[in-house]
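Below, in structure tokens: the form predicted on its own, a single chain.
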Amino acid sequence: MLDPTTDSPFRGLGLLAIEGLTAAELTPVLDLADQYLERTRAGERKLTLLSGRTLVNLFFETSTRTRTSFELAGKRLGADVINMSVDASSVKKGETLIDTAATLNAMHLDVLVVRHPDSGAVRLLAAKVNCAVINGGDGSHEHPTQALLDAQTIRRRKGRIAGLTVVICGDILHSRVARSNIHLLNAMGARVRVVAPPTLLPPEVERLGVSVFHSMVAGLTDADIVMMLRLQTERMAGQFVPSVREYFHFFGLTADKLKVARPDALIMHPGPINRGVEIDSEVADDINRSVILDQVELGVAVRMACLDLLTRASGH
């Protein structure tokens, strides 16, 4: 049990990445998220922990799930939540990240959640602001709270993460979700596989501690968890797959391909889902195996835990 006044596994500038965090640091976040989930389910949806604190969502890329989830998490903890629309802000007019940081510092924020299309931009901004920063996704680098909520989903359904075989399928090359999940799952003792065509894999991906497959049947054999990723066409410069139809034929998740996984294998997807591209509707909507909606619910609880712990760590 975390001490409600001091303990926090987070260090430094905030929660910028999963890479480098240990199971001992990650587990308390999941434990606290469990507590927030139960309180929410029991009807406690307006707490005062962050009363008088200010949370700003600064999103340089569009987002529905992540931004809404952080907004809800902040409001449930009693924070004042501001969503800054970059399209309508000075940033669109040429203001630099450094200028943005100075402006934000003048507002005396407590927590800043940032999503940015460039890898490393969130860390640069975090070094220039006087508040806790959460990486809401930066380029193809990391998306730490998504990995935490995915881990929470697995742990609640399976009772553990250590020893499970988790298969991440799809556009690994462009996916910050994949990177954060690989770091977290390895830290927590899972066996991680990736399945993708060679064009959608990072160079020397094996160095991340994964087994690589180019066949869905081979990669899914005896899998406990199947995590599907969408094709991130907005990050693709050039042709990475011959056609969507051919991609679905070889790498889309169908009931037939899933037969080689364990009978109780869970299906996950960070969203948004592209039905008929990376996953068949029959599989995505399988009430016994799909935990996609669980991921959405747990996202709020995990982000409540992160906001709680970061405000303790920063002293804000």
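For every residue, the number given is its place in the sequence shown, counted from 1. Since this is a predicted model, take the numbers as computed values, not measurements.
The same protein also exists as the form predicted in complex with aspartic acid (ASP); that form is not shown, yet it is the one meant from here on.
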{"property": "Contact flag, His141 vs aspartic acid (ASP) in the predicted bound form, heavy atom cut 4.5 Å", "result": "no"}
{"property": "Distance check, Arg176 to aspartic acid (ASP) in the predicted bound form, heavy atom within 4.5 Å", "result": "yes"}
{"property": "Contact flag, Arg230 vs aspartic acid (ASP) in the predicted bound form, heavy atom cut 4.5 Å", "result": "yes"}
{"property": "Aspartic acid (ASP) contact at Gly252 in the predicted bound form, heavy atom, 4.5 Å", "result": "no"}
{"property": "Heavy atom within 4.5 Å of aspartic acid (ASP) in the predicted bound form - residue from Pro272, Gly52, Gly43, Pro263", "result": "Pro272"}
{"property": "Listed range touching aspartic acid (ASP), judged in the predicted bound form by heavy atoms within 4.5 Å, from 286-294, 264-272, 24-32, 243-251", "result": "264-272"}
{"property": "Sequence-ordered list of residues in 105-120 near aspartic acid (ASP) in the predicted bound form, where near means a heavy atom within 4.5 Å", "result": "Arg115"}
